[in-house]
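Take a look at this single chain in structure tokens; it is the form predicted on its own.
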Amino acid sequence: MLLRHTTTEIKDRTALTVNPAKTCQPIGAMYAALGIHGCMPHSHGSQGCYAYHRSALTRHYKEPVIAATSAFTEGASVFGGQANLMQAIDNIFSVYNPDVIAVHTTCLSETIGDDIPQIVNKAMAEGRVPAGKYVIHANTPSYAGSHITGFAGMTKAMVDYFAETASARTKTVNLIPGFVEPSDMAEIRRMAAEMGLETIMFPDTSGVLNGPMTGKYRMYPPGGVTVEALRRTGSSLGTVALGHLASGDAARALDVKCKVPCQILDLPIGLGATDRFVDTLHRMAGVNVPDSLTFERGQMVDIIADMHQYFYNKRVGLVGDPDQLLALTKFLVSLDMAPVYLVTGTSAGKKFEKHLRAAVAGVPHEVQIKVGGDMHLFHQWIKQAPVDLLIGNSYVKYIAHDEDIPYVRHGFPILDRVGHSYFPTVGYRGGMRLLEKILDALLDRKDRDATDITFELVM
């Protein structure tokens, strides 16, 4: 059923979410775990939870997502899941031979109160964890947080379990990319490489969830950050974390544990945010910005200058994860567009909302913001006063269809299109692609609505 039944009357709802703008923590934790080389994500809960988490990621990335489960039954629900996890650790190392098992909890195991570190220590004491193999964990109940906080928890676990303090600093820079696409991670790493930097990115799903079809299945693709590299993060020159909510906890944990200084930035979406990312690398590592990146920046500026008339004063509604939402909003405002409806399902706190409101302070329209909101409210706002463009995940297509509004897919999940895994939207190159997608949506509508007289060849 489409959403034509949505009413314009808005009522205050505190105990009911309709059409949520987020999904659960274990999905984010599973995605982060896949960014470790040779890692088997493990869902400590029922088979139904694990099946949903895998299917959500598989549908978004169009790749087979591996994971294991503790397969709780009624008995485990009553007496706890220790026996199930102990047996699972034994079976996984025996049958699938990963380098790392990354355990994330679910509602059921969290409600029971399973002590994962105690269970893992017991498994190690009994010899169930082979030499040179590892088990890490993150607590990710689905009744709290979202896929973003789950990602943040598992990324922080990489620091807690693996980072080691060193007596001497190397010239390496740590990059924590945030909850972005594999293509975005590859682009962030490429830009740093253009500047001549040696980097350690964690997690890193490029080459894991956007790999080539070779005709031969590999359970553990060649991509992902290695355990050895994670150990070396503690001796790096510094850490650049992209996205305050998804990457900030890990960056701060590494600073506390190993005294590696960190800079936490917005996701490098758009001209200004990418400039700040490049400048931070330049200052942290003491390297020059190469002509190649300056050239890409100039191309992006050229597109903005050439097509500014089509961006100007267009009203936009955005639904997304907090880090994505803030970066996209700042980008659109820099184009003289008007983000007027902003919704994230993740409860990111008052400080985030303050930053979001500051980003739209100069927008010459009334701006509606809901942090910890849902898409039902978003749709009601649109019914009261339509917009020129919608940006969000695949669930926004129903609103776009019902209200006949141009629409750009961005964020998680995208279930009905391909390309997001292969083509970035971060950096200067990614910014050019995002500009193209926005222009295509707006100009296609302009062509569709044109009369015989106003239908233009050159635009």
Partner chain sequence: MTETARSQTAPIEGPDPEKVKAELLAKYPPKVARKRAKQIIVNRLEPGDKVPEINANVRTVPGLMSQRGCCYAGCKGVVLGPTRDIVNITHGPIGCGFYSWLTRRNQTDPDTTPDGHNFMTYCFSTDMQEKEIIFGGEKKLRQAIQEAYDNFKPKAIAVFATCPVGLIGDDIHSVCREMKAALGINVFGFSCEGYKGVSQSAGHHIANNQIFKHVVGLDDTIGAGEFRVNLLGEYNIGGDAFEIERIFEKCGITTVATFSGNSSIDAFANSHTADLNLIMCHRSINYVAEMMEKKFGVPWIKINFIGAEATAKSLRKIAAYFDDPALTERVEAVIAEELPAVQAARDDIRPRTAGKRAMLFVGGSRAHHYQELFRELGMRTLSAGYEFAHRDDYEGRKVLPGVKVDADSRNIEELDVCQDPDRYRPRKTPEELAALSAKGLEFKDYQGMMPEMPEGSMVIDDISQFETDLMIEKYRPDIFCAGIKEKYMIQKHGIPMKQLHSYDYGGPYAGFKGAVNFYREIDRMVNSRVWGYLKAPWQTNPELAATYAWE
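Residue numbers count along the first chain shown, from 1. Computed from a prediction, not measured in an experiment: that's the story for all the values here.
Missing here is the form predicted in complex with the partner chain; even so, the following discussion is about that form.
The candidate site formed by Y52, S55 and T111 is fully in contact with the partner chain in the predicted complex, as each residue has a non-hydrogen atom within 4.5 angstroms of it. Proximity of T14 to the partner chain in the predicted complex: non-hydrogen atoms within 4.5 Å are present. For the chain shown alone, P212 is a contact residue for the partner chain in the predicted complex, at least one non-hydrogen atom being within 4.5 angstroms. With a 4.5 Å cutoff on heavy atoms, C24 counts as touching the partner chain in the predicted complex. Remark: V18 counts among the residues lining the partner chain in the predicted complex, judged by a heavy atom distance of 4.5 Å or less.
When you look in the predicted complex, the only residue of Q384, N288, N91, T294 with a non-hydrogen atom within 4.5 Å of the partner chain is N91. Heavy atoms within 4.5 Å of the partner chain in the predicted complex belong, among the stretches 428 to 436, 55 to 63, 31 to 39, 403 to 411, to residues of 55 to 63. Of the residues in 64 to 97, those that come within 4.5 Å of the partner chain in the predicted complex through at least one heavy atom are, in sequence order, P64, I66, A67, A68, T69, S70, A71, F72, T73, E74, S77, N84, Q87, A88, N91, I92, S94, V95, Y96.
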